[in-house]
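Taking the form predicted on its own, here's one chain by itself in structure tokens.
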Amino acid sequence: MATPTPQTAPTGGLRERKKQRTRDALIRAALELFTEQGYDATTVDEIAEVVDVSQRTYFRYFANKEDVAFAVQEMVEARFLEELSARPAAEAPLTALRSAVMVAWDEIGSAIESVIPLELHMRSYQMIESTPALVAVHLRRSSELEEQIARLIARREGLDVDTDPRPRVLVAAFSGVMRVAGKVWGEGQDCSVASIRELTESYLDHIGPAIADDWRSHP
């Protein structure tokens, strides 16, 4: 009787899960330190020490402190882009944006909580908003994301984003609403996904009334 060939897949799977756990632990350690003692005051060595790994191991996962500071936000953005790409072609652009962000928030809470508590996510948002070096990075990343979304919307509508300004104008309005909702959420006491989802939905509802010619007749 032939000896069964050893299966290598589980070993590879275990290795990947271990890498993911290390990455998640570095994110959590970094954000805890950033929010407790400040971004500028925290070193890579301190983050690595909390997770009991070497500095070299840290740099296998993140190029610098900036990368780890925005790791969760990057995950949220990727989930939104994935959902936006999957929206039905017949949906109007703003409807597609709204639907994508609502569906993403329905699922992203559990994804965030698999890495860090939502309360830490809120504190991290506040930390970024109050750290000049990170605010500049946040603005740059937001600009890059807006361009990516505008080009995605343009492709959906069969438009040339470089000659038709509508995709960029729409995405600028949408992104502005998202920033306002995020800021209000970050300054509040309720760190639940339900809270950010409700705020986002409410603020998106106000895009139409906000651009109406006569605000007095559109309370």
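Bear in mind the structure is a predicted one, so any value in this text is a computation, not a measurement. In this text, residue numbers run from 1 along the sequence as written.
There is another form of this protein, the form predicted in complex with the DNA, and it is not shown here; the text below is about that form.
- In the predicted bound form, residue 37 stays away from the DNA, with no heavy atom inside 4.5 Å.
- Shown alone here, residue 206 lies farther than 4.5 Å from the DNA in the predicted bound form, counting heavy atoms only.
- At the 4.5 Å threshold, heavy atoms of residue 190 stay clear of the DNA in the predicted bound form, well away from it.
- Within 4.5 Å of some heavy atom of the DNA in the predicted bound form lies at least one heavy atom of residue 42.
- Shown without its partner, this chain lists 60, 166, 183, 155 as candidates; in the predicted bound form, only 60 has a non-hydrogen atom within 4.5 angstroms of the DNA.
- Residue-level contacts in the predicted bound form: of 53, 173, 161, 33, one residue has a heavy atom within 4.5 Å of the DNA, and it is 53.
- From the list 173-181, 190-198, 146-154, 42-50, the contact stretch for the DNA in the predicted bound form under a 4.5 Å heavy atom rule is 42-50.
- Within 4.5 angstroms of the DNA in the predicted bound form, the stretch 17-34 places a non-hydrogen atom from each of 18, 19, 22, taken in sequence order.
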